[in-house]
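Okay, so here's just one chain, in C-alpha cells, the form predicted on its own.
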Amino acid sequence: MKITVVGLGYIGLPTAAMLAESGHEVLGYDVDKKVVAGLAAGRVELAERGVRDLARRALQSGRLHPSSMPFPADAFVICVPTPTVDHRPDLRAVEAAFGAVAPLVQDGNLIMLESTVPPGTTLAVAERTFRALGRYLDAIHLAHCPERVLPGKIVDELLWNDRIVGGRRPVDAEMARAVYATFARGEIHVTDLTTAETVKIVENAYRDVNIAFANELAILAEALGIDAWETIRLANCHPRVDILSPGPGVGGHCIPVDPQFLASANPFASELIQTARRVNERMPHVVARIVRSVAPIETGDRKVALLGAAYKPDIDDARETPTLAIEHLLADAGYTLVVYDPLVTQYPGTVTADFDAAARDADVLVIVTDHAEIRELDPQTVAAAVRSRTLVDCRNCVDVDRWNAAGFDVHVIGRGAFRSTALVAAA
C-alpha cells in the first residue's frame, strides 16, 4: 500500500519505519521542516537506539520518504500530539492533521488516528472536516488505533503488544486490522471507535490511580514513622495486590495527560480519577518541602542539584517531567538550581550533562530520575564535590548504608523510619 504517516515524533517515526520495513511505500509528513530535513539527510535524532536503527534501515531502503507536505495515499495514519491546556484536551494538532489530509483523501481510502483523544473525537473531527469540504464519510474508511508503546521499548512493543482497532463500521476496523497485521505480532482486537478511544485512556488512568495510591501511602507512612517501600513490598506478597511505587510525581506524554480526557468527558462521573491527578500533581510540592526542611533557605544561599530531567529512567524524554515543577518551586523559594541529566537534551529549562559541574558546591542532591548513571554514582567521589552531604532520594534507588558511610544524610520519600540491617536480612 501507499501510506502517509502524519507526524514523525516518538510514535509516528517508528510506526512509519515499521510500515516501510514491512514493504509499504511510506511518506512521512511533518510540519517541522528541521525534522524532515534531518531525516532526509539520514539523521535520526531520537535517543532510543532501536528506533534509530529501524528508521535508518527504512530510510536506506528507499521506502520511507520524509516530506514537509502530505501526498495522496491508500491509507493515512495520524500520529500527532494531544497535550492538555488547563487540564483540558488540546486537539488543535489532530484537527490540523485531518485538515491537511482531507483534500487528498479519495473514496475508499482509510484514515487511522493513533493519537490519544477523548471519546467521540475521531468521528466528530472527521465529520466536521469533511463536511467543510462538502463531503460525507460514507465513502471513506475511518478507524482509531491507539498507540500503546513504552518509551525505551518502542520497537519491541510495536511488534509484540496487542493492538486495539476501532472502526466507524466493521469494514473500517477490518481494513485497519489488515494494515497492522502486516507487521504486528501481538493479537489485534477489533471494536468500535468510541470503545477504542476509551480503552487507551482507561489504561493510563488505571496506572495514574495506582501511582496516586502509592504516593498517598508514602506521605502517610512518613507521618506514621514507617517505611512505605517495605509496607508496599509486604502488601504485594498477597496474590491479589499489586501496588506500584511512589515517587516525585508522574511524567510522560500519557499518564499525566490521558486521565484528563476522561475527566473532561464527564467531570461528575470521574471523581476518583480527578483526585488521583491532584495527588500526583502534589508530589513535587512534597519533594520541595523535604528540601526546605533539610536545607532551610533562611540559613543562607543554597544550591540544589536535581539529578534527572527525564520522567523515567534511561530514556531522553522529559515531557511532563516532575523535575520541572520541583525546579520552579525551589527557585521561587530562593534556591539556586541546576538540573543534571546524562541523556536529556530537550528540556524546558537548562539542563547539563556534566555531573561534576552540577554537584560542585551543592548543598542538596535530589534524585528525581533513577538513570543507571545516577544509581551507580560513587558516594565517596560525590562527597568530595558537594558543599553539604545531603541526599534526597525520590526513587529509593541508592544503598542508604553506603551513602551514610560516606557522610551523607539520606532522606527517602515515604520512609519515615529506616529498616535495620537485621530486618533487611530477615526479609
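All values reported here derive from a predicted model rather than from experimental measurement. Numbers follow the displayed sequence, beginning with 1.
From this point on, the text means the form predicted in complex with a small molecule, which you will not see here.
In terms of contact with the small molecule in the predicted complex, the residue from L158, A218, C254, A212 that brings a heavy atom within 4.5 Å is C254. Of the candidates T336, T82, T352, T191, T82 is the one whose heavy atoms come within 4.5 Å of the small molecule in the predicted complex; the others do not. Note that among 270-278, 352-360, 240-248, 96-104, the stretch whose heavy atoms approach the small molecule to within 4.5 Å in the predicted complex is 96-104. Contact check for G167: every heavy atom lies farther than 4.5 Å from the small molecule in the predicted complex.
Among residues of the shown chain, D30 is one whose heavy atoms approach the small molecule to within 4.5 Å in the predicted complex. Not displayed here, the small molecule is kept clear of A20 by more than 4.5 Å at the level of heavy atoms in the predicted complex. Residue contact with the small molecule in the predicted complex: G414 places no heavy atom within 4.5 Å of it.
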